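As a starting point, one isolated chain is supplied in C-alpha cells, in the form predicted on its own.
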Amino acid sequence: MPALANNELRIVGFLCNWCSYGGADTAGVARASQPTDLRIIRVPCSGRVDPLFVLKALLNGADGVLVSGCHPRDCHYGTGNFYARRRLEVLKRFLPILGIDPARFSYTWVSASEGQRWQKVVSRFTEEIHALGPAPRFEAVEPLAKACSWTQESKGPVSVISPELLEQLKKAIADKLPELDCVLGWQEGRDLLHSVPLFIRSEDDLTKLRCDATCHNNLVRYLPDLKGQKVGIIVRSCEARSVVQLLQEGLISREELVVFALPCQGLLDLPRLEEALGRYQRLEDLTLTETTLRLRVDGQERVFQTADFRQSRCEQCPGELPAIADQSFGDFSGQTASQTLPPELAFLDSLNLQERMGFWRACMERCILCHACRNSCPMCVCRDQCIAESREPHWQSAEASVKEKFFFQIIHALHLAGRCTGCGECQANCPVGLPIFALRAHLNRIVSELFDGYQAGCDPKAVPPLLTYSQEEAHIHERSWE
C-alpha cells in the first residue's frame, strides 16, 4: 500500500521485540500491504519505552507516534507492559496541556502471530495522522501574548506563629538536639522579608530561628543529602507530604528523622509582594499578623492585606496534621482545602491546543535555563546525574532554543508524575515567574483521576502508582483497533 495521498508523513513506531515487531514481520512475510510512513524502532519491551521517547519524537518533527507491545498478561518479561500501560496512559492525557493533540499518539498491543491485526493497526493510525495533517512545530508556532494572572482570590489568612508557640518549639528542639546532628529550620535572609534555611547545631543557633509566612523554602530538599545522619526537621503540611514521598521511595530513613510539625494557614507570595513594594534600599521593620503586613521601608510605612498576597497554592492545602510527626505544636484545624483549580491550570484549561502551544512558546522565550525549578524541588534527587544535563545518553543539547527549554520543563514535570507533592517551590523560585507549576498540577490531576484519587505524600504506606501496576485497571481501558 503506498503512502496515503502519495504524501508521506513522519510517523515513529516503538515496537516490542518479542511480539509487535514479530507481528510486523509476519505481516511483511505475508506480503500484507502497509503504509510506508512508519519508521520502526525496535525496543526490548514496551516497558522500556520512556514517555520522553515519545515527546522527544513529537518535539523533533514526528507527526505521530505509535507504541505497540505484547498483550497484557502476555509480556515476555512478565510485567513490563503493565508498567508501560500506566505510563503511556498518563502521557496521552498529559499531551493536551502542552498544546499537542493526543490523537497524534497511541499505544496498542499486537502479538507475533497477529500479522493481520498489525496491518489494521498501522493502516488505521496512519489514516488518522493524515487526517490531522502535519504537526505544528513548536519553534515555529506564533507566541501567545495573552494577558493572564496567576493570582487567586484568597479566602484565608497567612501563617503566624505566636511567641509562646515558638518558644515551645525551641525548647523541644533544644531537648532533642544532643541526639541529633542538626535540625533544619529557617532564619532571616537578606532582610526581614526574606528567609533562608537554618541548620541548627547548637542552642545558640536557636536564637536565629523564625517560623512565619515568609518562610517558604521547602527544607525537605536537603534530607537526601543528609542521609546517614540523625536529622530533625520543622515541617508544615506541604513539607510533610514531601517527607512522606521520600520515605515511600526509600530515599530517606524514618529511623534517622525527627519531625517537628507546625500548623500553617498560608504563605506570602514574595515575588508579587516585591513587585508591589518596588525597589527599596532598607527594610527597617516588619509586623505580620494573620490579615495584615506592616512594613517600614526607606523611612515610609507601607501596609498590605495579607489575603492579597497569599500564595495561590495555599488555597488547595488543607493545613492538616501531617501524616508523620514526632512532636506537633499548635492547632491544625483552622483551614479547609479549596476544590478550585490552581489559577495557572484554570487559565490553560480555557485555551485551545494551538493557544496552549503558543502560550508555552512565549514562556520558553523568557526561560533562562537556570534550573532553579529543579534545584529547589525536594523530589529531584538526581543532582549531578540529572538526565537534562547528561551527555551519555545525550537527551538534551546545549542549545538554548525554545524547544530545548520546553523539553527540559517536560523532563522535570514527567519525572514528578505521581510524585509531586504540590509544594510549588519550582514556580516560587523561578526568577522570571514562569507558571511551570501548571504542568505538575495537571499531572497530579491525571494521576488522581486514573488511580482512585491518589495524592502524593499523603499515605506513608501507599505505593506511588507509577511504581507499581495492576493486572486489571479500573480507569484504563484496553485500547482496541478492531
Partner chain sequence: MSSDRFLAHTAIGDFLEGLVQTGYTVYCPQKEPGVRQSVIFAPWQKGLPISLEKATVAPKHLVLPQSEVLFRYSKHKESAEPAKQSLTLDANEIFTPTLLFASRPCDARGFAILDRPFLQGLFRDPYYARRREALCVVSLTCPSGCATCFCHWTGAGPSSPEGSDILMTEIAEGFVLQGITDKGKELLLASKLPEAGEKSQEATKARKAAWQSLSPVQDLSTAPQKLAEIFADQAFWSQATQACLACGACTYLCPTCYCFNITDESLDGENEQGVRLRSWDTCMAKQFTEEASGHNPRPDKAQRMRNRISHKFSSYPENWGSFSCSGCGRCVTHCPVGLDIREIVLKAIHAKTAQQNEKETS
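In this text the structure is predicted, and so the values were computed from the model without any measurement. Residue numbers count along the first chain shown, from 1.
The protein also exists as the form predicted together with the partner chain; that form is not presented, and the subsequent description refers to it.
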query = Even though the partner chain is not shown here, does Phe304 get within 4.5 Å of it in the predicted bound form, heavy atoms only?
reply = no
ask   = Does Glu274 make contact with the partner chain in the predicted bound form, using a 4.5 Å heavy atom cut-off?
value = yes
query = Would Ser111 sit within 4.5 Å of the partner chain in the predicted bound form, counting heavy atoms only?
reply = no
ask   = Quick one: does Asp326 come within 4.5 Å of the partner chain in the predicted bound form, counting heavy atoms only?
value = no
request  = Work out which of the listed stretches, 195 to 203, 167 to 175, 316 to 324, 94 to 102, brings a heavy atom within 4.5 angstroms of the partner chain in the predicted bound form.
outcome  = 195 to 203
task = Establish, in the predicted bound form, whether Arg221, Leu369 and Pro435 all lie within 4.5 Å of the partner chain, using non-hydrogen atoms for the distance.
result = yes
ask   = Tell me, which of Ser123, Gln409, Ser376, Gln265 has a heavy atom within 4.5 angstroms of the partner chain in the predicted bound form?
value = Ser376
note = In sequence order, the residues of 380 to 403 that place a heavy atom within 4.5 Å of the partner chain in the predicted bound form are Asp384, Gln385, Glu389, Arg391, His394, Ser397, Ala398, Glu399, Ala400
